[in-house]
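The chain below stands alone, shown as structure tokens; this is the form predicted on its own.
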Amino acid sequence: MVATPEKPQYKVIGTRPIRPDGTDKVIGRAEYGIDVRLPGMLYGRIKRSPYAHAIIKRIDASKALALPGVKAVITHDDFPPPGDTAMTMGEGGVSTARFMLEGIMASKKVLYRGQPVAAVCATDHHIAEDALELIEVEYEPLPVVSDVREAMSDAAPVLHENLRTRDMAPLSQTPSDKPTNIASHLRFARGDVQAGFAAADIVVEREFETSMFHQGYIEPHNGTAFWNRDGKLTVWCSTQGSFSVRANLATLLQIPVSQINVIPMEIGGGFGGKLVVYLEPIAAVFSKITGKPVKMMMTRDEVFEATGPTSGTYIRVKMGAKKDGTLTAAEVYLAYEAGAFPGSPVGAGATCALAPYDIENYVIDGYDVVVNKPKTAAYRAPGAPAAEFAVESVVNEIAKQLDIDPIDLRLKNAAKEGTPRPTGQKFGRIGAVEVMQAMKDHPHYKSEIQGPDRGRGVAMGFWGNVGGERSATAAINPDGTIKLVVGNVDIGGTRAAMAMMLAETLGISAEQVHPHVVGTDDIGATGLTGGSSSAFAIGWTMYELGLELRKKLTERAARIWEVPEDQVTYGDDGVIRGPADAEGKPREMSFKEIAGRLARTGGAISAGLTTQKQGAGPAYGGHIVDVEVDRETGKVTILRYTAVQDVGTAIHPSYVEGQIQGGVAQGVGMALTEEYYWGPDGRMQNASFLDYRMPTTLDLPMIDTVLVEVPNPGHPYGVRGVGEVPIVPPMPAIQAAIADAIGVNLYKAPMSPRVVLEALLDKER
């Protein structure tokens, strides 16, 4: 760990206590969505389209309804008319109720293979499965477009007759008013790009492609709903945001939010993919019709084909530099697949693409394009990995052509406090330089790499991080512990992080805080767990909640001692001190001592509040990787990997390290093995974990982590989000390492054995 000298000396923060939910998850007592069992429960299954693009001519469910055990069949017509109400998709994604409902159940046209067209519920899961075969659907197939560049051409089949290109920024230029697959266009610009290129000694321009990638969470989507006779709807599901599920259900089903209680179960992975509702609205409609609780869950192939992966992309990057390494200009063109409905993360890609650097002249164009594929969803730093893969690869080529150390070139152009961002804001205190310097000083970078066909690469990554609304209540128990109630879904150890920050504020141990995650009926408004927001946002809540408890305990101590409140203080060591007594002895009580006296001195003490804080500190990561390339098979082996990251303050260093290692593993999958492989008919050919090749422990060495701590001044404990950044640098770092190993630059991810071999064959021709 690299700690800044000015870092405060904490007692709890920075330690590594055991996570509060650890035992339940290890012994299997933790309850996930599949564990929900209710009396009289029915089971639902979905009839999905075998076509990627087709008109629905007819649906006949009469044979399915006649099957014993079948209780109901529903189609799009069983939902209220949706309208065009804007709906949040999480991590900046926005859609409309109409598009969202079409994704849940198609009306007149299917736009991707796997899109739901009907659903059935029955007394048994197998009966429901059999009934699917009895639902007759007649289609009229249409031409399929699955490539983003083809979809942007005038000759492409149009998915939505009413779709027109929408401007997302003032600098954008609106194309003609005609049906199109280009849902939106944005542009960011600074300085004079042409003058910047004219001042350059070299200019490098490259084109890149990236596949769709899936989040790969272990637990499939699931949801159980019970619509009670009093009109109250209760939903149990695997989600990253119970309040966003509640809001989406209220809009889609057109009932008040006060009539919906969403209970988040433990979550078996999300990474952004569980911010969207797929099954919950269908289960709710079934429950309303039958009066029974209804459970639904996806199979693995449904998860691949019908939930939201990240965008496939086409990107062009042109950058100019002087001989001394100064970057003088950049042009970035981003075309992102949104899937069947508008809403790719191209905006985030555009704001992140050049963020590690201070470049005087640039223009960034971003296009959101619909294609006949499943609607994309957030995936860890959504939009950033593809954009920064392209930019970082070009930066490495510039360093190579100028014969400048790639980290020295980055240090020369690094973004600093005051550097303008594409959105016009200026960076506050950031750690880009500290990360780059830590990379340069690391023994891995200083070591010598030996052996044939081995190479080393480096790359930077950026994510802006976000804050958001969080609520919590805390009640002091007589034994000196605290019952902490939150709505913040726990992914990756946030129970531990929030317990530690509350404990730090109160001067007690983390083990004295017992956190509980509850449903929307039992806590105030709480934002989603995503975008690296949770530790920052809930940390603020814990800090202010702790201050409120300190205030109340100070007042109680003053009452117990019968002294003025202004003569009582609450110390950071958790000890309350007052003026000396009549005998001159100091008055003091520990947190545990006063907790035991509360019942007989005025009653128990509790507090609750909601916070909504901005000021999330952006984060940078820098990676160093060594690889070996097998020229016969094209296989790339990771020999050594080091991930450096500015984490602000590491609340629980083990969980921060785990976040970084997990992000690197997913980024390595993007770089080398994972891809959506499509047939000409728009069908995914590898919809299983057997064929969608994610890295395993056998594919990775130990991933070394270096935690650089540049505290975020916008947080009482200096927290920056840590979960998004580490997935960004692997693709360009590995691309550079492969180039160093075999002298071939690859511009397509994944850089699979096929891509490597084709590049080697092209080089030999």
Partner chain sequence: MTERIIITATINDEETQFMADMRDSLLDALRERIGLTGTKEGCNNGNCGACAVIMDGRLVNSCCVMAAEVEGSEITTVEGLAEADGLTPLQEAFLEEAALQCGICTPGFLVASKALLDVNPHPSEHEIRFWLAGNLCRCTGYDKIIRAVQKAAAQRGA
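Positions refer to the first chain, counted from 1. Predicted model only: the values in this text are computed from it and were never measured.
Omitted here: the form predicted in complex with its partner chain. The next part is about that form.
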{"query": "Proximity to its partner chain in the predicted bound form, single hit among 685, 688, 567, 85 (heavy atom within 4.5 Å)", "finding": "688"}
{"query": "Contacting member of 476, 265, 306, 491, with respect to its partner chain in the predicted bound form [4.5 Å, heavy atom]", "finding": "491"}
{"query": "4.5 angstroms heavy atom contact with its partner chain in the predicted bound form for residue 674", "finding": "yes"}
{"query": "4.5 angstroms heavy atom contact with its partner chain in the predicted bound form for residue 71", "finding": "no"}
{"query": "In the predicted bound form, residue 43 touching its partner chain (heavy atom, 4.5 Å)", "finding": "yes"}
{"query": "Its partner chain contact at residue 113 in the predicted bound form, heavy atom, 4.5 Å", "finding": "no"}
{"query": "In the predicted bound form, segment of 733-741, 52-60, 699-707, 713-721 with a heavy atom within 4.5 Å of its partner chain", "finding": "699-707"}
{"query": "Within 4.5 Å of its partner chain in the predicted bound form: residues from 283-299 (heavy atom criterion)", "finding": "295, 297"}
